[in-house]
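This document opens with one chain alone, in structure tokens, the form predicted alone.
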């Protein structure tokens, strides 16, 4: 199974004065079981791209393959409900979507609407809360009593309760403080490593891309201009400069050290590893 875009284009408001082509002939393959970052400037087409994954948008041209489901342009696409059970899409500030009087009801809303038997819903709610680091003591609380970070965890649990294979997150750490953002990213890594969820993250945060993503897709003006391993991307200084992307400080440090004659391994992309390798090279270890 795979996630593929085959010659996909998407036009907003076609045949009107407001027509705008947001995606242009996208051919893209995303690896299942990995964490993939989708990056690019504002207006590059990132959010439009990921909204095709659970059929919030249908391609104007081409087709989108998500696992065993395919969305075709100019067809009725009768399998939307089944697709939306496989792909959970979490928007920016998902906590704004909380509305039920208790956390149990809120997290259970999705499974209920997908026809999950009532006796199974509560267990799904408990399991999903556990995945995001919350326990059963939260079930009867109002979601509006929680902190911002906790609300976001509950909102994500509501998506996980549907039991999707793929989790798509649009700027998931927006508005969080550094500690909250770090905890949220650790959560996504755990969902990927422990629960085998395929994770796609739309982000502007290059440090998160370096630290957490396996692969990266770069969008520019509605087109894919680069795709590959995240660390290989940060080694391509010419591409970074062309896209006006500021690399994380540790990448700049790595480049400066190597430019001054130090030899660093392929895995030296964090301060601890860089320090150990420099110490070994100068004979202090």
Partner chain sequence: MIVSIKNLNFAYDESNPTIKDLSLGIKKGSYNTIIGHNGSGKSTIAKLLLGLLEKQSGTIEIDGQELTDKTVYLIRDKIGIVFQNPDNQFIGSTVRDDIAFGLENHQVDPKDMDAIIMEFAGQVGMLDFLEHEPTKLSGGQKQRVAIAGVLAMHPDILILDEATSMLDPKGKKEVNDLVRSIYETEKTTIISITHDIEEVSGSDYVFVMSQGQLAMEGKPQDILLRKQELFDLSLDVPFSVKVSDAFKRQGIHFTQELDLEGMVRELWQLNSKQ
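Positions refer to the first chain, counted from 1. Model, not experiment: these values are computed from the prediction.
The next section is about a form of this same protein that is not shown, the form predicted in complex with the partner chain.
- May I ask you to check whether residue 122 falls inside a 4.5 Å heavy atom distance of the partner chain in the predicted complex? Result no; residue 122 lies far from the partner chain in the predicted complex.
- Counting only non-hydrogen atoms and a 4.5 angstroms cut-off, does residue 30 reach the partner chain in the predicted complex? Output for residue 30 is no: heavy atoms all beyond 4.5 Å of the partner chain.
- Contact between residue 7 and the partner chain in the predicted complex at 4.5 Å, heavy atoms? No - in the predicted complex, heavy atoms of residue 7 and the partner chain never come within 4.5 Å of each other.
- Tell me, yes or no, whether residue 65 is in contact with the partner chain in the predicted complex, where a contact means a heavy atom of each within 4.5 Å. No - in the predicted complex, heavy atoms of residue 65 and the partner chain never come within 4.5 Å of each other.
- Query: Thinking of 126, 133 and 196 as one candidate spot, does the partner chain come within 4.5 Å of a heavy atom in every one of them in the predicted complex?
  - Reply: No.
- Query: So which of 65 to 73, 233 to 241, 219 to 227, 249 to 257 is the stretch with heavy atoms within 4.5 Å of the partner chain in the predicted complex?
  - Reply: Residues of 249 to 257 come within 4.5 Å of the partner.
- Task: Could you list the residues in 158 to 177 that come within 4.5 Å of the partner chain in the predicted complex, counting only heavy atoms and keeping sequence order?
- Result: Heavy-atom contacts within 4.5 Å come from 175, 176, 177.
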